[in-house]
Every structure is written in structure tokens, then in C-alpha cells.
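Have a look below at one chain only, the form predicted on its own, in C-alpha cells format.
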């Protein structure tokens, strides 16, 4: 059974329940009685006794919790942002290792890895990519080994925007494919 079918069935049941509720409430006749604002409530003695003390006690407890927790949150807040940035950076390194990995790497995932290490080497120091090349004026492609650049020095040759564009759109005329 597909997820879409399950959602359709759940929506149909919910709609049927709403329709049934509307029908039942429209058919019910309200009982005649005194208006809610005219019914007698508790006397002043009942309201100002134990009930009032209980309500004031809970208000005091809630105020004390807020008085203690707000300064603690204020003290903790600056480090929360720093820890969030650190967590994101560490996660980015792990995700990048999985994306770069090939079958010889320990962080390889057959679902998520883009196999960059196949061409650029396991350590990013460069490698070779086997590709088909059609010479100018030639009609028969030949198999060549294309020298893949080292990635550990890529930011010395290109800006960050150029690297992002190369990864996203690839490099025409080379084996570097688009990953965007």
C-alpha cells in the first residue's frame, strides 16, 4: 500500500468524522435552562479560602521557575550559538568525507558517495580519470587518461565561487561532470 493511498484514506476518515459531527450537532436540540451568566457560582467564602491560596501558591511557584530559568538561559545563550556552529562544521566535514569517498574509503556509502576520489585520489593530491575523447576533425573517440587536478591546492588556483560553480555545473571539455 503506497503512502499516498494511506494519506487519502486518513483524509477520507477525517472528513467523514467532521461531517458526522456537524450533522449530530445540528440535529441536537439545546436544553432550555438558565443562561450561564445567571447560574449561581461559589460564594465569596469558598473563593477566598483554600482555593485562592492554592492558586496563589501555583502562581508563586511559576514565578520562581521563571525568575531562575531566565537568567540561566541568558547566561547559556552565547555558547549555544558557538556550539551550533561547531556542530555544523563537524557535520559538514563528515558529510564531505562521505560525498568524496570511493569504494576503497572507509566512509564510502553506495547511496551518498559521489566517487570524487576515483579521479582526484584518496588524499585529494590528484589522479587520473579515464574518459573518451574525440579529437578535433576525428570521428572515432579514443580512450584517454585525463589528469585530474589536486584538490588540496584548488583554492590557490580558483576562488570559492569558481569552485562552487565547477562542482555545480562541471567543466565542459573535461571528465568533470556537473553535480548540481
Ligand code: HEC
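Residue numbers count along the first chain shown, from 1. Here the structure is a predicted model, which means the values were calculated and not measured.
Form predicted in complex with this ligand: not shown, discussed below.
Novice: Using heavy atoms and a 4.5 Å limit, would one call residue 146 a contact residue for this ligand in the predicted bound form?
Specialist: Result yes; residue 146 sits at the interface with this ligand in the predicted bound form.
Novice: Applying a 4.5 Å heavy atom distance criterion, does residue 70 contact this ligand in the predicted bound form?
Specialist: It does not: once this ligand is placed as it appears in the predicted bound form, residue 70 has no heavy atom within 4.5 Å of it.
Novice: Do residue 114 and this ligand share at least one heavy atom pair within 4.5 Å in the predicted bound form?
Specialist: Residue-level check for residue 114: yes, a contact with this ligand.
Novice: Would residue 158 sit within 4.5 Å of this ligand in the predicted bound form, counting heavy atoms only?
Specialist: Yes - in the predicted bound form, heavy atoms of residue 158 and this ligand come within 4.5 Å of each other.
Novice: Just one stretch in 29-37, 114-122, 43-51, 61-69 has heavy atoms within 4.5 Å of this ligand in the predicted bound form, so which one is it?
Specialist: This holds for exactly one stretch, 114-122.
Novice: What are the residues of 41-80, in order along the chain, with a heavy atom within 4.5 Å of this ligand in the predicted bound form?
Specialist: Stretch hits: zero.
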